[in-house]
Ligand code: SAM
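The form predicted on its own is given below as one chain in structure tokens.
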């Protein structure tokens, strides 16, 4: 049985010392096996902390096996409609308050997903902590992916002080709030009113005063906004390709677009990017999505 969870990577020689420290802090996820990667160990932890990333762990031997699930804040997401299994998962971690069954994939122009509550509190709302930020999310009301935590940090490292940034599909604001640490201004747009409402809560609790939230269709941004941007984030993997011309109109010459897409072949969108006058600086796999398909990001230069 495998479970996606936060983990911290440490040298093997420091593994036991770190494990004991995590136990004392109440941070170690003792239900999962430690991973080994060469001379490094990856220790499973109950919540995100500095330096953590998402890994797939195996259930600890000798423990009552749990159904495969994904943890997002205090909610466990199952791919099976199993109430008994959900109760076991709820009892396995004191940090959990709800277990849900994902009835379908993310769909629709609001990027929402349908869930059934299987155990715990009857809510799809929770809070996620990520690299010092706290994000209030509602799984059924607005798109959020904890798996993009590493991507948000990667792009933050690329942002130069004083940049003007546009997040075209901002959701509840994780990219916008993360990048606001270095940018002069981040415009965070989304079409989903519930996503923008949650974003406003997140801006307040993270004290992100240089983020401008905008309830708007990305197709109209070029006609609404008076700026061109140094950097644009396009995290709409299912249908982002149709918005590429809008992104090029909004990005200054010599700026950067981070374009996320579901692909089934390397270089699948390179020709279209070149047609629009862009140069692919890098293409990388963010995560697997389904057999033969993965979530990729293209870093595009518009010079």
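Since the structure is predicted, the reported quantities are computational estimates derived from the model, not experimental observations. Residue numbers count along the first chain shown, from 1.
Keep in mind the form predicted together with this ligand is missing from the figure; the text below concerns it.
Comment: this ligand is not present in this chain, but in the predicted complex one of 208, 76, 128, 218 has a heavy atom within 4.5 Å of it, namely 218. Of the heavy atoms in residue 256, none are within 4.5 Å of this ligand in the predicted complex. This ligand is not drawn, but in the predicted complex it has no heavy atom within 4.5 Å of residue 229.
In the predicted complex, at least one heavy atom of residue 109 sits within 4.5 Å of a heavy atom of this ligand. Contact annotation: residue 236 falls within 4.5 Å of this ligand in the predicted complex, judged by heavy atom distances. Heavy atoms within 4.5 Å of this ligand in the predicted complex belong, among the stretches 140-148, 82-90, 200-208, 178-186, to residues of 140-148. Using a 4.5 Å cut-off on any heavy atom, the residues of 168-188 that reach this ligand in the predicted complex are, in sequence order, 168, 169, 170, 171, 174, 175.
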